[in-house]
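As a starting point, one isolated chain is supplied in structure tokens, in the form predicted alone.
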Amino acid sequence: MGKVREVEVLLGPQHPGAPGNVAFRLKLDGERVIDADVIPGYLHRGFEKMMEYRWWEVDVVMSARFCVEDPDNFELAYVRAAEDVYGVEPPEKARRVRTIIAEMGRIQSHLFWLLFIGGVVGARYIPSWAMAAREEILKWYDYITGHRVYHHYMVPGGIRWNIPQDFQERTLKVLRFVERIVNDIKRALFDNKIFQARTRGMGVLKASDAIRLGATGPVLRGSGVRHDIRIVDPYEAYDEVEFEVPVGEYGDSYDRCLVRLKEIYQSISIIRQLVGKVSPDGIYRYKIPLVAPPGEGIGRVETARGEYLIHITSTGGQTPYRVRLRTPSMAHLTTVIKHVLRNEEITIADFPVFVKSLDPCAPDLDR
């Protein structure tokens, strides 16, 4: 037999194995993927520049759209950066409510990810279960904020309007429903020997490599690095709650998946600790001037996919002078993927599973 000829294959952006509005140029040696170049630009929107021409509060609407799968944590980072520019602190009640909103966002994002990982391994029942749980969270968002997907509920100075009278009751009811379904998903998927065979020992990323390559979030923690912005640099109401930071043991695709499952349980615990501390009474927002003072502001949060940072410069006007983002998915779609492909035999059949274990949000590349 002669030597296998290397070929290039385009995967995405419409392919179900691609992570959204992005494509890969794969280099194959037979069945093995030996290299992959990410091709962004299918969803370029220029949000960073657009935010420089809109009022400070209007930019909340823009900030939530960097990642449709986890809009609330991106929204929170912008609001915190704007408050840093203005030099204001939100009311205690607003900090707690914003933390609850952010953790609900983390849960629904991980549930959305379960749709994708279940689909690529052929566990077609998992997407149905995960979406049923996520739907109840979207209904909860609709009741609290008036919107299902993008919420625009956080504003510089607090939250847009007060919480309803039955906030605690409705929140706890949704958590009970979600927890029951997640328990079923754990037994049906994570305890499934077929799923374990598809993910165990595949896509291994060592802790030292994860740090060197710029990995964050569940990808970094899946490699055994116990690093979480909510712990190392607490913000909002995270210093009022106790929770664990799940980490992996082997740094493979299964560990990254398991970290996300465990994070759902931790987010449920965080919300339950906080929901009893908020009530419809009390101040929920401080009004801020239309014109911001000159200065700089930084918002740094732990999104569902890892560390996200937004830097804003103000020259003293109704709009920011410059907005710059550091999103988590770029490293996962570039340096991390290339490193694993060059050091491990990943087949074309396993490549979508490996990519989904990283859970990138392609839109946060095109910003």
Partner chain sequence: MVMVLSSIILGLKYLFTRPYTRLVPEKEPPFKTETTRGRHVLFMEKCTGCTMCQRVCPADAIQMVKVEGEWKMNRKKIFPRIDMQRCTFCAMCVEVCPTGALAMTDMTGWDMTTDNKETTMYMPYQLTPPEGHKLTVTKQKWIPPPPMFKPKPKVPPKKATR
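Positions refer to the first chain, counted from 1. Only a predicted model underlies this, so the values are computations on that prediction, with no experimental measurement involved.
Missing here is the form predicted in complex with its partner chain; even so, the following discussion is about that form.
K.L.:
Given that its partner chain is left out here, which of 238, 116, 254, 284 has a heavy atom within 4.5 Å of it in the model of the complex?
P.N.:
After the contact test, the surviving option is 284.
K.L.:
Using a 4.5 Å heavy atom cut-off, which residue among 142, 169, 244, 249 comes into contact with its partner chain in the model of the complex?
P.N.:
That would be 142.
K.L.:
Is there a heavy atom of residue 212 no more than 4.5 Å from a heavy atom of its partner chain in the model of the complex?
P.N.:
Close contact is absent here: in the model of the complex, residue 212 is far from its partner chain, nothing within 4.5 Å, heavy atoms only.
K.L.:
Spell out, yes or no, whether the shortest heavy atom distance between residue 47 and its partner chain in the model of the complex is within 4.5 Å.
P.N.:
It does not: once its partner chain is placed as it appears in the model of the complex, residue 47 has no heavy atom within 4.5 Å of it.
K.L.:
How about residue 197: is it within 4.5 Å of its partner chain in the model of the complex, going by heavy atoms?
P.N.:
No, residue 197 stays farther than 4.5 Å from its partner chain in the model of the complex.
K.L.:
Would residue 57 show up as a contact with its partner chain in the model of the complex if we use heavy atoms at 4.5 Å?
P.N.:
Close contact exists here: in the model of the complex, residue 57 approaches its partner chain to within 4.5 Å, heavy atoms only.
K.L.:
Counting any heavy atom within 4.5 Å as contact, can you tell me which stretch out of 107 to 115, 183 to 191, 259 to 267, 215 to 223 lines its partner chain in the model of the complex?
P.N.:
Heavy-atom contact with the partner occurs in 183 to 191.
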